[in-house]
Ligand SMILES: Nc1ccn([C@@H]2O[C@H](COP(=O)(O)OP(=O)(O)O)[C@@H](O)[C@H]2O)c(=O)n1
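Before any questions on binding or motion, here is one chain by itself as structure tokens, the form predicted alone.
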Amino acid sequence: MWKRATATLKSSLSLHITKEASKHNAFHSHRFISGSPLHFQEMDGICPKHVDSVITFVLGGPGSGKGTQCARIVETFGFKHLSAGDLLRKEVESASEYGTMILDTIREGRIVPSAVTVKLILREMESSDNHKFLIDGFPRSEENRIAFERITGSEPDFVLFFDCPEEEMVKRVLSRNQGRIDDNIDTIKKRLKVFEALNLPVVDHYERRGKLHRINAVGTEDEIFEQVRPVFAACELTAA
């Protein structure tokens, strides 16, 4: 469950750009995108309106099958599925000023600041009537995790990690992405190395916290879901 934050809502969650911020150095705590400073008003301790929401992080490498299982969880247990990657793409496609900034950041080979992704996730949560959320593909790094916990003032209720051998993930990605320019083995293996370097420390953190549920992601869709089902069934019993 979300912990009630002690701090009050000092400002909206909207992004804003100020001329004064341009005086700051690029290594200041505010992050810069495409030459323009993008930063948040004070956000520490802010929680969404759903203070009693159930939050689940869903982690796994490319080809681990987490997207397929998220669809099953939504269908069976009524969770709202939020994909961090989809939210960033949606913002870019909206042609908003922030979407343009995100696109410029990606084109320049830089990482979208964690606070931006967290803000997009919170905005979707705020606009939903649901109180059960699957946050898919986030946090991707320890920086992401720390930003989420700092901004929201809370941790996820539990974390699913779809543990899949590299050779199986490579096979799946090659199979599903036939015809794509980036579907070669070398590119996929590079993506997996990045995932291992950045994401596994997050997995280890939540395992130490006793929040991680490690799913053996090898097998049929039904076989894997039979490992997932008891985790969410137990969650519903606890919430009842």
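Values in this document were obtained by computation on a predicted structure and should not be read as measured data. Whichever C-alpha set is largest while still superposing within 1.5 Å between the two forms counts as the rigid core. So that there is no doubt, residue numbering starts at 1 and follows the sequence shown.
Omitted here: the form predicted in complex with the ligand. The next part is about that form.
Of the candidates 151, 88, 134, 159, 88 is the one whose heavy atoms come within 4.5 Å of the ligand in the model of the complex; the others do not. Only one of 72 to 80, 101 to 109, 151 to 159, 125 to 133 lies within 4.5 Å of the ligand in the model of the complex by heavy atoms, and it is 101 to 109. Not one of 147, 205 and 213 comes within 4.5 Å of the ligand in the model of the complex, counting any heavy atom. By the criterion of a heavy atom within 4.5 Å, residue 119 is excluded from the residues contacting the ligand in the model of the complex. The shortest heavy atom separation between residue 191 and the ligand in the model of the complex is within 4.5 Å. Contact check for residue 92: no non-hydrogen atom falls within 4.5 Å of the ligand in the model of the complex. With a 4.5 Å cutoff on heavy atoms, residue 115 does not count as touching the ligand in the model of the complex; it lies far away. Applying a 4.5 Å heavy atom cutoff to the ligand in the model of the complex picks out no residue from 196 to 230. For residue 73, the Cα coordinates differ by under 2 angstroms between the shown form and the other one after the core has been superposed. Core-superposed comparison between the shown form and the other one: CA of residue 103 displaced by 2 Å or more. With a change of no less than 3 Å, the CA-CA distance between residue 110 and residue 140 is smaller in the model of the complex than in the form shown. The distance between the CA atoms of residue 104 and residue 95 is at least 3 Å longer in the model of the complex than in the form shown here.
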